[in-house]
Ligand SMILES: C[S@@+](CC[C@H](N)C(=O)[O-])C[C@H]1O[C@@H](n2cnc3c(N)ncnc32)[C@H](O)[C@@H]1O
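Below you'll find only one chain, the form predicted alone, shown as structure tokens.
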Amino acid sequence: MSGFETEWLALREPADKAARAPALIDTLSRYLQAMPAPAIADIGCGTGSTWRSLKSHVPEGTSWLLLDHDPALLEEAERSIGNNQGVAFRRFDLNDLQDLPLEGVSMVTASALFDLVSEDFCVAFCDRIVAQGCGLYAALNYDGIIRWSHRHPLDDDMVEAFNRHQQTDKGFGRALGPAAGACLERLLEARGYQVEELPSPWRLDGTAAVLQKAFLSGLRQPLREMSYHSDAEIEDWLAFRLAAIAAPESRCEVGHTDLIALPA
């Protein structure tokens, strides 16, 4: 699984980087510039894509702690980032939020994480960062929107089935799926934080054909588990969607939101 996940993360990283909302990166940069000793804890760091996306936007001398439970992903992060001064790596299980190392941390960052966790997790997480006075930059939270320029009659049914699958347990209780961004916004505003959320969709054309094919292939099992349609109908739909990638002016949009929350 780790090997597959490493390949998937590498494949999606360029689309993720292009999708991130620039205005929120600017807000993050300004906030950290006001810190005497800016420090970031990146949770669920994977292979280090958040660090690579933000490193040129944060103040020189910002310290980073990259945390992930998967040793293979953490090893790849350390290998790809190399001996960069101010970057440390630690294996950590996010189910142990009370032990999340936040002392001296200015900002917690996460990418493509919060749609996989439960509301209970978010409540405990928000309480934890508020107690420490940390900001939060949570990027690429899936919002339930998938659109294609070349339509198929079953598109809406398949997206709805996938969204229901996104709300099954991913290891942190019943996942929020598309409700993640709204949940974080509500919880942090209730705790006195200033919150801004902006769209950050993937907008994919034929130049991202490999990513589109991998994304569609990844839908197969969730759809078999959750769709009311037969396996044959699912396969016909997938065949149509795969063939459409090469069609003229073909586009696919996968919706996400970015969120930044700062202590008032």
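Heads up: residue numbers just count along the shown sequence, starting at 1. Predicted model only: the values in this text are computed from it and were never measured.
Beyond what is shown, the protein has a form predicted in complex with the named molecule; the following relates to that form.
Student: With the partner left out of view, is Asp169 within 4.5 angstroms of the named molecule in the predicted complex by any non-hydrogen atom?
Tutor: Outside the cut-off, so no.
Student: Does Asp93 make contact with the named molecule in the predicted complex, using a 4.5 Å heavy atom cut-off?
Tutor: Although the named molecule is absent here, Asp93 would touch it in the predicted complex, with heavy atoms inside 4.5 Å.
Student: Find out whether any non-hydrogen atom of Leu73 is located within 4.5 angstroms of the named molecule in the predicted complex, and reply yes or no.
Tutor: Heavy-atom contact with the named molecule at 4.5 Å: present for Leu73.
Student: Is there a non-hydrogen atom of Leu9 within 4.5 angstroms of a non-hydrogen atom of the named molecule in the predicted complex?
Tutor: Flag for Leu9 set to yes.
Student: Among 32 to 40, 200 to 208, 48 to 56, 224 to 232, mark the stretch whose residues have heavy atoms within 4.5 Å of the named molecule in the predicted complex.
Tutor: One stretch meets the cut-off, namely 48 to 56.
Student: With the named molecule left out of view, which of Val159, Leu116, Val87, Val105 would have a heavy atom within 4.5 Å of it in the predicted complex?
Tutor: Contact residue from the list: Leu116.
Student: Within 4.5 Å of the named molecule in the predicted complex, heavy atoms considered, which of Leu187, Ala112, Val130, Leu154?
Tutor: Going through each option in turn, the one that passes is Ala112.
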